[in-house]
Structures are given as structure tokens and as C-alpha cells.
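Here you get one chain, nothing else, as C-alpha cells; it is the form predicted on its own.
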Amino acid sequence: MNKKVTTVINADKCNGCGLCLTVCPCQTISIKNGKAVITGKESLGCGHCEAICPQGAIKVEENQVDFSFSQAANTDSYVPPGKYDLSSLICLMRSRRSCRNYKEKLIEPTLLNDLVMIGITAPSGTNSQCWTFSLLPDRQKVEKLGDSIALYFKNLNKIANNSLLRIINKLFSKGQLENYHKKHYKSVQHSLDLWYQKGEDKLFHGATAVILVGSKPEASCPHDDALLATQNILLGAHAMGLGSCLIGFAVHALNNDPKIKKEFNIPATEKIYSVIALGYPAEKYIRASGRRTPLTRTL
């Protein structure tokens, strides 16, 4: 990843307190003659130094995203640890549900852009920030993606229903084809029949928009990064009044059929880690549900 130093220090403002040194993970900054100066050759561009400087003397020039939102104001304020209402945060997380019934109303493009900005507030390995977000902003594009994914699974089901091919796959591979046939063949075939015969959408559930969250190949932790950004988007969508649902079958198709990426102008080197269906929910829940007891160990 690019570790070029873009940190700039205003010597007139710097009081030499040294706080920036204590939080820099790359030892990019030193104190000389009572002032902070750039001495390192690498930087994560994390912005810790900028965030901690009491004089406002530091700026990381590569971090120039404009965090302005169509439905939120004063987003530059910093919330110190312990200074946010924990109950409200927990209620938000417990209230978000996977939505499988959507209204026909389209999502405003500004809201989709807001969701991307919310997504990139997530942490990323070595602060690589190599996420990619591909937006399908209307139902027509969602259906086009649905057609491509349906064709992929139509072909996969044809292969999986061949007992000889399943045996060969089991002998020379790990038996993924047999496992797919046992677990998914029937349900996928049923969904395909509904799609082709009745136009019933069991993949995206009538969602009017989709966000594909991927990563450039140079990311150090691409899978983790994409899913952390995805969770931010899911929570942000709920706060905006939108419903959301993760579509795992779409992720599988996109990463196993190069033709789909090509059709949507997604680089072949870019892997997709989550597919988020979005829309205005046509279902109304009235309470948060429970969760299974987690396996927890104290080591």
C-alpha cells in the first residue's frame, strides 16, 4: 500500500507538546528545537496526530474527503470515549433487521452517497482504506444484476444435478458440488423458477438499490475491512429509515463468474465481499428480538 508521507506541520502553531509522537504508529514525527517535524519516510495516513494536536497545527493532506451529509449536520464533532449514550447505540444495533419486503419508492442518490461516507468511517488494516463501493441506484439495474446472477445459478444447478460430475468433483476436489447439491440445489431451483416464470424476486426481495462492497487487491485485510464498512452501512441505513439485507448468493456469483464483473465494469482484480440490498421497508417491526447465547470463554 501507499505509505507516502502527506502530513504537514505548521511550525508557527506547534507548541512542541509532543502528543503527536505518542500516537503515531510509524514514528513519522520527531521533536527538534522544540517543534514537531516530519522525519520519517513512511506514514499510515491515519490522522491520529491531526486528531490529538491541541493547537490544530497538523494536517494529513491525503485525507480530504468532505464529510457532509444530506441528512446530518455537525459531523466533525469528536465524541470522547464514554461520552455517547450507550443505550441508544445498543437500541440501534438491536433494531436493525434484514428486510425482505420493500416499497417501490426509489432511494435518493444523496442517501446512497451518504451511506458510502458512513461506510468509510470504519477501521481498515494498516489504514489502507482500499474499499470499493459499486452503486446500483435503481430497480432496473438491480434487476439486471439479478438476471446475471440467475443465469450463473441456472448453469451451476445444471452442473450440480449431474451425479457423475458430483462424483468426479468429490474425487478430485473437496466435494463442494455435492455439498451445494444437498444444501442449496432445491431452494435455488425454486427461486429460479419463480424468477423466470413469475418475475418474483427471491434474491433481492424487490430492493430498489444495491451496494457492492469490495476491495482493491493491495489491501492488507480486505475481507475484514469490507465487512466492517458493511456493518456501518447497515446501521446507517436503519437510522435513515431504510431497510437492508445482505445477499450472500450474489457475493458467490460475482466472485466466481468473471462475466458478471465485466458486465458491470468492475475490475477483475477487485473482489466483492458483501452485497447489500436497500430500499424503503414495507414491513414494520414493533420490538427488538433476542439472540442465541454466545459461546464465551475467559482465557
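In case it trips you up, residue 1 is the first one in the sequence shown, and so on. If you're wondering where the values come from, they're calculated on a predicted model, not measured in any experiment.
Keep in mind that the form predicted together with a small molecule is missing from the display, and what follows is about it.
Remark: residue 249 counts among the residues lining the small molecule in the predicted bound form, judged by a heavy atom distance of 4.5 Å or less. Contact annotation: residue 205 falls within 4.5 Å of the small molecule in the predicted bound form, judged by heavy atom distances. Taking the partner from elsewhere, residue 141 is found to have every heavy atom lying beyond 4.5 Å of the small molecule in the predicted bound form.
Contact check for residue 98: a non-hydrogen atom falls within 4.5 Å of the small molecule in the predicted bound form. Out of the listed residues 242, 245, 272, 253, 245 is the one that sits within 4.5 Å of the small molecule in the predicted bound form by at least one heavy atom. The partner is not drawn, yet in the predicted bound form one stretch among 159-167, 71-79, 172-180, 89-97 has residues with heavy atoms inside 4.5 Å of the small molecule: 89-97.
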